[in-house]
Each structure stands twice: as C-alpha cells, then as structure tokens.
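Taking the form predicted alone, here's one chain by itself in structure tokens.
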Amino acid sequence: MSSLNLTIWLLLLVFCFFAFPACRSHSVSSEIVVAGSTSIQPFADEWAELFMSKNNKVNINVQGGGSSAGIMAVKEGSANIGMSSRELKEDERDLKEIIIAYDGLAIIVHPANPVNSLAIDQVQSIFAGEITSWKMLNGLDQNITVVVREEGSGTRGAFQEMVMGPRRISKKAIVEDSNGVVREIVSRDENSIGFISLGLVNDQVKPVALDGVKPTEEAIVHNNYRLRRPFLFLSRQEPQGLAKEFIDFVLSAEIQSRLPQEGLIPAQKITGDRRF
C-alpha cells in the first residue's frame, strides 16, 4: 500500500470513529444526566451502576449539587432527571414528579453523647442557637457544636420546614455541603449535633429519638416519626426513552426490595402507586 493510500485509509478510519459511533465496538449509544440532591446521590450512583451493568451501551451520569440545583437543571434542560429530597415549592410544580422512596430525617449526635432523646422544641432551640450547652439537656457540661447543610439543600429545606418552621437556624452553625460531611464531623466531635438522611446513618453516629419516637422504618411508615420526606425524581415532561427506562428500573421490585436494607422506605409502601 502506498503512503498516500495509507494516509487516506487512516483519515477515513478516524472520520468513521468520530462521526459514526457504530464504528466503535464499545460505543455508548445513549446517555442521560441525573442531577440534584446529595441525599439521593449515593443511592442513585448505586442504581445507575446496576442499570449500566445490565445495559452496557448506556451511560447514566449522576451528579450532585443539591435539590434546588437539580430542580433548576431539569428546568433548564441540562439534566434529564432531577433529584429532590424535599417537597416542591409552588413555582416548581410545573415539573413531573415521581416518588422513588421515602426517607426519615435523622437528628444525629456522637455515640458517646449520653442524650438519647430530644423534644421537637428542644431541637428548634438548639439549632436556633438558644440552647448552647448539653448540660441544659441533662447532658455533659459542654458547649454544643451545631452542624447544618447549606442553603438550597433539600435536607436543609426539609429540616427548616418540618422542624424549624418560621424560626431561623443560627448563623453560628457550621455549614457543610453534603450529608456525608455532616456525618463525618459529628462522628469526630462528641459535642456536636446535626441532621442527615436516615438512609445514611451508620454506627459512626447516633440518631436520637424525637419526642420519644426513634426513627425506624415502622415509625416512618405509620407516620409516628414526624420527620418523613419523599425522595423525588423530576422531569420536565412525561419521562420517555432512557430516562423512563431508568426510572422504571428504580421503581422495580429489584430495587425497591433493596431499599429497607439501605435505610429507605419503598415508595409503594406509603403511596400505593408510582405517581406517573
């Protein structure tokens, strides 16, 4: 083969590679972006991996950013599916919402903290910066370190709505951008308190009972534990194509049956339907 023909052949091969995905033996034929709540993100990462293991020519790109960011990404079209760990606000209800699971919001302390239960008004006063010592709660004579999520977080939005109401969180609180970081800080500081998704609670931290009720699946299902919130997938229109396939997969018995092991409540266990 002459050098000219070889050059032409190589140019054609390169053109084929970039212009026609079918030329690539391991090409990705479809991709969707799922973005939003950092509470849902670690679960969505796992679901995406399982989905892609069964469909090796698709890519599910899962991103965080918080619930508000996910809602905006869907509205702007930069994400196919948004993730929200709070109820939608009135001006967001033009989006299609699908409940994929329910979650409890856990108030967490260090395992060494002797305080095991708090009243809702005590939690309000702690996070408002009015109760500043564990001694005021029959605990140790130590100052309380308050750790919270950032503004725009679905976890913070749910906490503000369900716990604080019109009261504001203290500006002295440590602000972090993920549940994982909040959990890490509380696990290292015996005098700290925070709030995270119940599904992310592990043995590094201790969830306290609220008004005497522990955050368990049974208490959440029967609405005895008051801090219950939906995990939502969002889309601008009726889900179609790969987005619908992924949502259907998350709502399938295969995934929903795994949720209790991960600290979440299957959607149908509370709603009785899929909200399509």
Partner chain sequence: MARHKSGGDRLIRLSLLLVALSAISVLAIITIFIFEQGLPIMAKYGLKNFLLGQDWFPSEQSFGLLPMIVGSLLVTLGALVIGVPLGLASAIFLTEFSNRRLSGFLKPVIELLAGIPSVVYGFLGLMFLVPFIRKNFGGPGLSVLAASIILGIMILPTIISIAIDAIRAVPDSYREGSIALGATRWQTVRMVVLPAARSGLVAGIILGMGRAIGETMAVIMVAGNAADLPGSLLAPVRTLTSNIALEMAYASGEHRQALFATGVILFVIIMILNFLANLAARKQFRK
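Numbering follows the first chain given and starts at 1. These numbers come from a predicted model, not from an experiment.
Quick note: we don't show the form predicted in complex with the partner chain, though the next part is all about it.
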property: The single option of E151, E161, D121, E130 touching the partner chain in the model of the complex, heavy atom within 4.5 Å; result: E151
property: Residue (of L88, V115, M72, A173) lying close to the partner chain in the model of the complex, criterion heavy atoms within 4.5 Å; result: A173
property: Non-hydrogen atom within 4.5 Å of the partner chain in the model of the complex for each of E218, L251 and E254; result: no
property: Candidate stretches 152-160, 76-84, 130-138, 193-201, one within 4.5 Å of the partner chain in the model of the complex by heavy atom; result: 152-160
property: In the model of the complex, D189 touching the partner chain (heavy atom, 4.5 Å); result: yes
property: Non-hydrogen atom contact T145 with the partner chain in the model of the complex at 4.5 angstroms; result: yes
property: Non-hydrogen atom contact R168 with the partner chain in the model of the complex at 4.5 angstroms; result: yes
property: Residue contact check: T38 to the partner chain in the model of the complex, 4.5 Å heavy atom; result: yes
